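The structure tokens that follow cover one protein chain in two forms, given apart as structure 1 and structure 2.
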Structure 1
Amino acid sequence: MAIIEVFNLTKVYTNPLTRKQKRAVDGISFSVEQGQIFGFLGPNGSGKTTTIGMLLDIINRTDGEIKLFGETNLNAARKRIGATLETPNFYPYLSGYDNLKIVAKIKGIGEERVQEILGIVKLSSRQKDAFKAYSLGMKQRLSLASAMLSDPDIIILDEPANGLDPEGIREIREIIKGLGRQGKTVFLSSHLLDEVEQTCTHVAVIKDGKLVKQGSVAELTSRNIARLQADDMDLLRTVLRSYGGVLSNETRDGAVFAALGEGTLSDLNRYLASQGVYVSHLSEARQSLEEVFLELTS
């Protein structure tokens, strides 16, 4: 069942003085199924935060439709969602505990859960300290704690690993994977591509406000890539360009990497031979998510 559905979502920011318009999100559509860990990727300024802001009704959308749990009433849905947006937003003069107590009151849940969640994010010993005295990593943890406080069905995180040390990043990864195992739906934006590759089941890539790709991580990273070497590399590249089955190619580390469309490696080999190119090396190469990302967004 699709638990987050977005159709033709658009946000145009208008500068109140110059009336200049900026299309931060430009007609994107996607859906997230229950139980997916969905990574929302894109370069700086591509519209990730704006999109999440619209999902949460913090940012008024210019156009488009959003359904959460199959409903268009986002106010009702938000109680079943835990989320963070951009930076941890808390009352700096209140303790971590009091800040979560406020969240608990908004969510309409009991105060006992506050203690429990503080333990999960390892903040119990600092719960009495004022939020402003926390380190960035501790602030992020508190943010995560507030998102998970009500044991929500959907968790939306905007760059949750921002500012965390390697140990902290690993902990967040474990927490997110744990949520996935419980059947929760997680929607997260991130720049840390290998993190996403390790934790997410699905991704969507946004660039300049438009979705350029979406699919499962397995699908995206198992694209048909051939690694080739030949005595005459220039001829190899020329012939590759003339072959309809090759979408693109680049030269790296003394080899040519060619992205294949439908065809198999044998098809490619047969064609090269027919054109008088005999390869000294031909193998399948897996693309990392980072490579896919850079290819899509550069």
Structure 2
Amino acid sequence: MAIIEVFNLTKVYTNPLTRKQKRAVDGISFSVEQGQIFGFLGPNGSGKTTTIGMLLDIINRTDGEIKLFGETNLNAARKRIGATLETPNFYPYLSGYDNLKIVAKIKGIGEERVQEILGIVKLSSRQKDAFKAYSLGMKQRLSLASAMLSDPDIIILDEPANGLDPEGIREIREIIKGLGRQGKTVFLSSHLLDEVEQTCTHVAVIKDGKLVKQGSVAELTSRNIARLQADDMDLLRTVLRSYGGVLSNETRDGAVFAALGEGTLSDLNRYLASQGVYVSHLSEARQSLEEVFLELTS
């Protein structure tokens, strides 16, 4: 079941002085299924934060349609969403517990849930400490706790691990994966592509406000890549360029990596041999999400 659906979503900003228009988000359409951990990726200025703002009704959309839980009545649907933006917004001199208690009171949630959620984000032992004394990782975990407080069906996170050390990143990753195991849907924006690859089940990539790719992480990283080495690497590269089944090739780490549009490694090997190129190494190489991202956005 698709619980986030976006159709032709568009946001146009107009400069009040020059009247020049900029399409920050340009007619994108995508869907997120229940239980997915969905990464929303793109270079700086690609429209990620603007899209999140429109989903949360912080930013008015210029055109397009948003459906949440199959409904266009977004005011009711948004009550089932928890969200945190990149910079946590808490009272610095209040404790973590007191900050969450204020959020709970606004949302009509009992204090027992505050204690429960502090345990989930591993802040129980530091709940009485002032927010200003927290490390960046602890602040991010408290922000996650605030988003999770009402037990929402969708959690939207903007750069949840930004600026954290490896231990802090791992802690955020485990919390997000735990939400997925509970059947929650997580929609997150992040620049940490290696972390997205480890955490997310599905991704969408946007560039200059336009959607360029959407699919499961497994699909996007399963592209057929051949890793080759030969005594005469220059001849190998020349012959690869003449093979119709190779979409592109690049040299790194002493080997040639060839993206195959069709055919198998055996087909490629037979062709190379017919052209007098005998490889000393030929194997399948998996493409990382970072490599896919750079191909799509560069």
Partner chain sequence: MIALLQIELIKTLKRRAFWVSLGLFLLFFLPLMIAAFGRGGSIEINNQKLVSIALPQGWGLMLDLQGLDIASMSRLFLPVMVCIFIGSEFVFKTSRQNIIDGLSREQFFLAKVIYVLFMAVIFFVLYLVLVFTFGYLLIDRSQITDAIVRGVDVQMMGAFFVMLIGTGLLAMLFGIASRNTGTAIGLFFFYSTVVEQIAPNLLRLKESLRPIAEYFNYLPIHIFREIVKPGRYDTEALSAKFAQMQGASATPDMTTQTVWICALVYLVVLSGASYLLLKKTDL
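It should be emphasised that the depicted structure is a prediction, and the values quoted were computed from it without experimental measurement. Quick note, the numbers are simply positions in structure 1, starting from 1. Throughout, rigid core stands for the largest set of C-alpha atoms superposing within 1.5 Å between the two forms.
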Report summary line: Between structures 1 and 2, the form predicted in complex with its partner chain is number 1
Report task. For G119, decide whether the Cα shift between structures 1 and 2 is 2 Å or greater, given a superposition on the rigid core. Result -> yes
Query raised in the report: Taking the rigid core as the reference frame, is the Cα of A130 displaced by 2 Å or more between structures 1 and 2?
Result: yes
**Report entry** Core superposition between structures 1 and 2, C-alpha change of G96 at least 2 Å
**Finding:** yes
Report summary line: Aligning on the rigid core, one finds that D232 shifts at its CA between structures 1 and 2, in Å, by 4.9
Query - Distance moved by the V256 C-alpha between structures 1 and 2 (core-aligned, Å) - result: 2.8
